[in-house]
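Only one chain comes next, encoded as structure tokens, the form predicted on its own.
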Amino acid sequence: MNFFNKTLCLSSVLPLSKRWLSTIAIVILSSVGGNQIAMASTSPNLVETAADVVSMRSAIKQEGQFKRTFIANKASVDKQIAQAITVPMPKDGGGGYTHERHKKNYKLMYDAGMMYQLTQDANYASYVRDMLLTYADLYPTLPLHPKRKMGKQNPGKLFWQSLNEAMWLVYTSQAYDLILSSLNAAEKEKIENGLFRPIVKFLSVDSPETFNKVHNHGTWTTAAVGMTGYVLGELDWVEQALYGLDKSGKGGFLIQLDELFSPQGYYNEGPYYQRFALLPFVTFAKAIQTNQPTRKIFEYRDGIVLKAIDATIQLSYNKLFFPINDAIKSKGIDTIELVNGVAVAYGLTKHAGLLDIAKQQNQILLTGDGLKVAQALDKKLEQPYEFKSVAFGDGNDGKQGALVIMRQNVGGEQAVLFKPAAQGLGHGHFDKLTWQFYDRGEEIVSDYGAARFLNVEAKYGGRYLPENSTWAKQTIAHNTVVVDEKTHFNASVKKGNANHPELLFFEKDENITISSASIDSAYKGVSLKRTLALIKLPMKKSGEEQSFVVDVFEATSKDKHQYDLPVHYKGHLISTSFELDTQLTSLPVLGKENGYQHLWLKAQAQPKAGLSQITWLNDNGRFYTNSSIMDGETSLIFTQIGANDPLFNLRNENAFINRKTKSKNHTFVSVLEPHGEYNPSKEFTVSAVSKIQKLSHHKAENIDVVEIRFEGNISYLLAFNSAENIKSNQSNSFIFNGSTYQFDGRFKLFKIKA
């Protein structure tokens, strides 16, 4: 439901008029177009308010985390403003000196503006004023940035892309709001006419394709323009930011809230860009709430902004975000975007679990919401945040596939990430039905993420490397089936965005979380279906619980194909249950295109029919065995990334590929088993060998049965019905080794004595 009408009434715009024109009366002046609003003197009133400042000024006089943060930040700002103001002519791409200097400047202006509000020391305001005046002299003279990448991104002037220009303005508009009351009329006129009006025009009227785009670039741009509109009293800018340049609602901030998030708060581009887009979504929403509370923006679409903050946290493991799509793998919950989001969410909800995340972030913001977090942590009010097993529906309707997270805790937290999700726009990878596995704080079955050295100018200007397209996005770079060495959708983003997997089911009980999904559009004439289960078993012999991941991947077609199923693993290969034909003196390349050209062929094997096992050791000191059912014709290929990489842009990571050739239909069945411990410090090794002795798979109509036999002739049968839309009480039966078994609903785990 839309909680407000697009036609503003006087009551909804009154908060805009409490600025600097008069300290007593509220004065609203209309420009020729009737959209200019002059402000009274209650500054600040953009994101932070005068009431926030009063509370913060009191808090810095009392012992606690907020005061300690203030002292540290003040020392940092004092050191920086003692230096000469530096506003260089834009020259460098991402990571270069001028790029980084302008980034530092917007953060410094914001921090100095906050110091002015907290200390009332005019030196801070003067510093921000002087830097803004310098920018006001420079900006009107700037051409498009010399390092712009034509045809790829919309260029900026201060920065190589307009995205960074918008980020600059999000912060700088807040800095201006924080010092506005200290400026005289001439200073305001020069800063606004020389800087803010030109940059707003450049980002909006001059860049309609970005401003109206439903994409994270559009989010930053609309937030920047809307926030500046509030500070300058330009209601027309605010309306354009909310509803698009023509105010039709086909573009703008609100349609991005409608289109980019699922009803559960999952962002279409994945966790990495959800984190990145979170700051403008949350900050602009906060500005809307401050200036136009009748819009009830935090209630919009059933509280979608708050849901997005919570979903961002859920999309992490051991403080790092799940690295799907174009993701830098080192990004985690301590990024400023989520620090800000958690503070705002706590300020609105007082949810004690958010304090647990704030404590892990170990950063206090000098904001009104940051003060609330600091004071609550001082009182030790935090409660453990609950990470859940959840299927986040994808797409604005939540029905365009899903991103599935399965969690359990067996001797350390385990997580399975299953990705039957939508394409994710241009940042999406061609990896339908891929998966990852995490255990004891480490990535075990891995995803490459993005091929990029963010802001390292020496590596392709800090932009995405060419190998991001030739390797990282290609299907073979992920843990899913590749047909005939071709990439899903033939690497067409347009086709990928038009098609998505179907989530068949996601269910769980005390010991099992299981999910299944399918897609028949990744390859013409080929249907793919995968079922993954994270299982917790009590092992009587050891008295401990044991975790397993069961993976059943079906490929069906009327024609014969080659099916490759890679497993990209993190760790050192320990052993195999079959002989390897290893390349000893030279390494051939596995293929010619679609990512295969980047793989060195290190070894091959042709395991006999039956159980095949591969064991590796991870840096967390634990062994992992992948047990698979082999038919005697399927081969295994061991690879390492690095071929056709002349500038050493790619990481040298390992994988093994289960390959079935000349087959119409094939089902890959495997179990991943964590076990044992290796402790080089104390010089001991325990349980380095898998406990699994037999693996089998049987299928009767829609019911799959996977048998896992352990030492001691104890077997477990995982039975599941993968048909669509079955009833929760549906009765199922199957025959295994001459005995009949029954279960109700979707799945059941049976324990039998062999």
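A residue's number is simply how far along the shown sequence it sits, counting from 1. Just so you know, these numbers come straight off a predicted model, no measurement behind them.
Separately, the form predicted together with another copy of the chain exists; it is not shown, and the next lines address it.
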With the partner omitted here, the residue among D397, D334, D121, E633 that in the predicted complex has a heavy atom within 4.5 Å of another copy of the chain is D334
Heavy atom within 4.5 Å of another copy of the chain in the predicted complex, from candidates N652, Q606, N511, S492, belongs to N652
Among 681 to 689, 698 to 706, 711 to 719, 51 to 59, the stretch whose residues bring a heavy atom within 4.5 Å of another copy of the chain in the predicted complex is 681 to 689
Whether S586 contacts another copy of the chain in the predicted complex should be assessed with a 4.5 Å heavy atom distance threshold; does it? yes
Item to complete: Decide whether L144 counts as a contact residue for another copy of the chain in the predicted complex under a heavy atom distance cut-off of 4.5 Å.
Response: no
TODO: Report whether the minimum heavy atom distance between I574 and another copy of the chain in the predicted complex is within 4.5 Å.
DONE: yes
Please tell me whether any heavy atom belonging to R452 falls inside 4.5 Å of a heavy atom of another copy of the chain, as the geometry stands in the predicted complex. yes
Looking in the predicted complex, the residues of 356 to 381 with a heavy atom no more than 4.5 Å from another copy of the chain, listed in order, are Q363
